[in-house]
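Take a look at this one chain, the form predicted on its own, written out in structure tokens.
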Amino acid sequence: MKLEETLKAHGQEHLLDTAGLGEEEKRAYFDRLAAIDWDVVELWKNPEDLSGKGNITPIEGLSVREIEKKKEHFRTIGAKAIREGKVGAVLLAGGQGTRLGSSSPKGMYDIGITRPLCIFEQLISNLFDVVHACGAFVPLFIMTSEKNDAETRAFFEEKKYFGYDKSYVRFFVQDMAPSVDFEGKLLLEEKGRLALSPNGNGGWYSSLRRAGIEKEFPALEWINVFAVDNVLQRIADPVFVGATIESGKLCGAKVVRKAEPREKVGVLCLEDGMPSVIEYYELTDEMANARGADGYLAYSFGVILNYLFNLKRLREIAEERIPVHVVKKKIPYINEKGEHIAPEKENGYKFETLVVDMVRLMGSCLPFEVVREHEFAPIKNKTGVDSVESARALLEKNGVKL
């Protein structure tokens, strides 16, 4: 079916107006329109109900105490896999440092005090610990966004990849998803340009796969996914890798013990017997306060967005559709007169996938507890809780010179 017919079939004739666009602009615009996944766009009519939960029960995992007992055994297994090139890492770095007062990629934000130290450099330093311990570089795939890709690549070149072997580093751009108004009409941010946004952190593997770069490392069997904003996390941690491999599970998740029953973190548990992450507000008071035989909270495994995924299973679930969340948002757009509108209230839907939904699709998951003060220093804000200030304090506590 020709593009014009496709657009008309979906009630999107307004997108055919290309008056004033140059030939190159038209070509790029039509290419973008031709790539639209209409199955996703049409979800606005009947979005999947993702709010209901099945039978929620606690999940068994490895506590810090249990890990300590078998630490060297796990490390041996994980280090072997790393040396054999079976472990790669994906850094989710598509965001900007807007909430920190910066218009640059978040990873470029300087957290140093007496010396320059950007978030990217600290994360590479953490990864170097594994390189030195295992005697092998870990392939690192950095997911950027259309907005920050060029700046991120240029920054790594300028900083000479912070000493990391650049032959093991690849960049790829996160897939974008279109936005629609409440009648399902695709919105434009400019004439000839769709209003697009990143398709959620669950889109990392489809984006990586489309880029084709995983094929450059044929020995890969496991991928460790982590977010840019936790500057203390251990990446491709051989103990974590070894424990997950030995467990026979297809996924591992680093978790921290909840500080108190109602802490606002996603909790790893079982839903109808399958691994699942549920939000803190979805726990009843009884569930939130329940304790197991070990005295710990029964639902105490708070996720920190550090997951290890089996690549073979990832390829299988890539053929399935990861749940798409249809989210109401305020979406800037141009109206039929070409005027730019910055809405003051929600005016449409965005389509997002979440990495936590991938955990369930993997079918099995090993919760791997880490010590919060050693591996969890998120930077969400400039000051206060989960801020540059709190992260600096934790970095110094862990011996990092700032």
Ligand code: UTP
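All values reported here derive from a predicted model rather than from experimental measurement. The term rigid core refers to the maximal set of C-alpha atoms that superpose within 1.5 Å between the two forms. Heads up: residue numbers just count along the shown sequence, starting at 1.
In what follows, reference is made to the form predicted in complex with the ligand, a form of this protein that is not presented.
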Residue (of Ile235, Ile119, Leu268, Met143) lying close to the ligand in the model of the complex, criterion heavy atoms within 4.5 Å: Met143
Heavy atom within 4.5 Å of the ligand in the model of the complex - the one residue of Leu305, Ala89, Ala81, Ala298 that qualifies: Leu305
Partner-facing stretch of 286-294, 308-316, 194-202, 242-250, counted where any non-hydrogen atom is within 4.5 angstroms of the ligand in the model of the complex: 194-202
Close approach of His73 to the ligand in the model of the complex, 4.5 Å, heavy atom: no
4.5 Å heavy atom contact, Lys380 and the ligand in the model of the complex: yes
Non-hydrogen atom contact Arg99 with the ligand in the model of the complex at 4.5 angstroms: yes
Residue contact check: Lys254 to the ligand in the model of the complex, 4.5 Å heavy atom: no
In the model of the complex: members of 207-240 within 4.5 Å of the ligand, any heavy atom: Ala227, Val228, Asp229
C-alpha of Phe351 moved at least 2 Å between the shown form and the other one on rigid core: yes
Threshold 2 Å Cα movement between the shown form and the other one at Lys166, rigid core reference: no
Core-aligned CA displacement of Val327 at least 2 Å between the shown form and the other one: yes
